[in-house]
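Here's a solo chain for you in structure tokens, the form predicted on its own.
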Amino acid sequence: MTAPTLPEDSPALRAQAIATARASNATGINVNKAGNVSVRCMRGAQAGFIITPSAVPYDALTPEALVFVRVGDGRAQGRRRASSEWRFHRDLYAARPELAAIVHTHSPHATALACHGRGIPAFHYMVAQAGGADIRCAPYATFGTPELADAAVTAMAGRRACLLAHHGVIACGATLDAALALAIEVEHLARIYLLALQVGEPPVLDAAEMTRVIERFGSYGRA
């Protein structure tokens, strides 16, 4: 896929990232300081991303508090420490040039599934919003480690979202709004899936149908 044209790091872009982080709390997919948000950008000739800092409540964030991290070598530039999860952001951007924004959450229903190492199968056609026939769950690794980053990149292959075992959710998109919307959708699907499991394991749509749905999503909303 074609890589997006990257905006310049700016106070306005940083304000958008902060608004996205605060919206994740307002919608209930994060609480307190949980999760993190990043968006690709340029700083002069340097390609990288800005990310929310470690251990700062979203309501207390200012544009200056966000940290610029170079994709090439992971070097951080800023007044604060980058989120402890900067590695999987960097590795996903390096592996997936079409992705421009990442929202990481600890949303309750999706995380409950992840605590059992369960992903979300094609029990509902909207699972295809994440880019494939299911939403995978990456195996557990300690937060902030290269092992977690590797597991996330693998689980995200051909997808725009995944769960992280005993941890939470990663959702990606071409914009901050798209990444946030997908994170909300994953949580909604997880809630429905957990409700369906109370009756029994729900049947799933077959691969051919999911392929049709993915193709229809590709043209959805176009004139």
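Numbers for residues come from their place in the sequence shown, where the first is 1. Just so we're clear, the structure is a prediction, and the values are computed from it rather than from any experiment.
Here the subject shifts to the form predicted in complex with a small molecule, a form of this protein not shown in this document.
With the partner omitted here, the stretch from 77-85, 125-133, 90-98, 109-117 that lies within 4.5 Å of the small molecule by heavy atoms in the predicted bound form is 77-85. By the criterion of a heavy atom within 4.5 Å, P53 is counted among the residues contacting the small molecule in the predicted bound form. For Y140, no non-hydrogen atom is located within 4.5 Å of the small molecule in the predicted bound form, even though that partner is not displayed.
Not displayed here, the small molecule is kept clear of A181 by more than 4.5 Å at the level of heavy atoms in the predicted bound form. When the small molecule is considered in the predicted bound form, A34 lines it closely, a heavy atom lying within 4.5 Å.
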